[in-house]
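Presented below, as structure tokens, is a lone chain in the form predicted alone.
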């Protein structure tokens, strides 16, 4: 599919993408860059990496596709930095968890950028946890702007589909509304629950079962990365919190009023949704 691609930021997602591409024979060469020297050295020891560079511009030279896999705050600055080393035909995408701000600001860099968000990953981070099957069966959202080439959109669709993803397309704004509810809000709920329980007797957690671990797994994610995501998608996250507060208030009211019918109705609605996932 590609003669050469560049991965900027070969952490969990970036290295997993490179592994998936190489194992499926979808890219002849994979070049990489990381701001950390130790990560660059580690990448050189992997099976998926053909060359590592000390600057992102050097890493991107000659690549048909560049995938930016760094924290969301660094994506646009990297676009500005690599722009001089790209050709008009070079396709650039990312794996960021927010899209509206990134896609709007990317316009000003005058590069051929189309946003992507593979809904894969875990609470673990770093190249050491990379695996080629990370994307199998997961969703991926492509967020082109109006001026995006239909051919480039199709190329990205083909790329993510080829590594096993279920691909859909929407506007950056719609993307941010969706993920605020299905990704960002669940993380906040899990994290706030853990924060609340952290103030209780420390021996209680020794008595907990799998339910607490399962429902709070995502709270183990990197707080610094999540701070960036939440700040970039602030408005949509606040709207999602408002909606959830209304749901929680309704549940509290049903308990206060001893309204068994409403209590059971909410529990059953929640079970139906969970069973449908």
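These numbers were taken from a predicted model, which means no experiment stands behind them. Positions refer to the first chain, counted from 1.
Omitted here: the form predicted together with a further copy of the same chain. The next part is about that form.
Whether 119, 214 and 218 all lie within 4.5 angstroms of a further copy of the same chain in the predicted complex by heavy atom: The answer is yes; 119, 214 and 218 each reach a further copy of the same chain.
Listed range touching a further copy of the same chain, judged in the predicted complex by heavy atoms within 4.5 Å, from 149-157, 74-82, 100-108, 195-203: Of the stretches listed, the one contacting the partner is 195-203.
Contact flag, residue 90 vs a further copy of the same chain in the predicted complex, heavy atom cut 4.5 Å: Residue 90: no, not in contact with a further copy of the same chain in the predicted complex.
4.5 Å heavy atom contact, residue 128 to a further copy of the same chain in the predicted complex: Looking in the predicted complex, residue contacts with a further copy of the same chain do not include residue 128, since no heavy atom lies within 4.5 Å.
Residue 244, heavy atom within 4.5 angstroms of a further copy of the same chain in the predicted complex: Output for residue 244 is yes: heavy atoms within 4.5 Å of a further copy of the same chain.
4.5 Å heavy atom contact, residue 54 to a further copy of the same chain in the predicted complex: Because no heavy atom of residue 54 falls inside 4.5 Å of a further copy of the same chain in the predicted complex, the answer is no.
Answer option from 59, 237, 49, 69, heavy atom within 4.5 Å of a further copy of the same chain in the predicted complex: Filtering the options by heavy-atom distance leaves 237.
Neighbours of a further copy of the same chain in the predicted complex among 242-275 [non-hydrogen atom within 4.5 angstroms]: Going through 242-275 in order - heavy atoms within 4.5 Å of a further copy of the same chain in the predicted complex - the hits are 242, 243, 244, 245, 247, 248, 249, 251, 252, 255, 256, 258, 260, 263, 264, 266, 267, 268, 269, 270, 271, 273, 274, 275.
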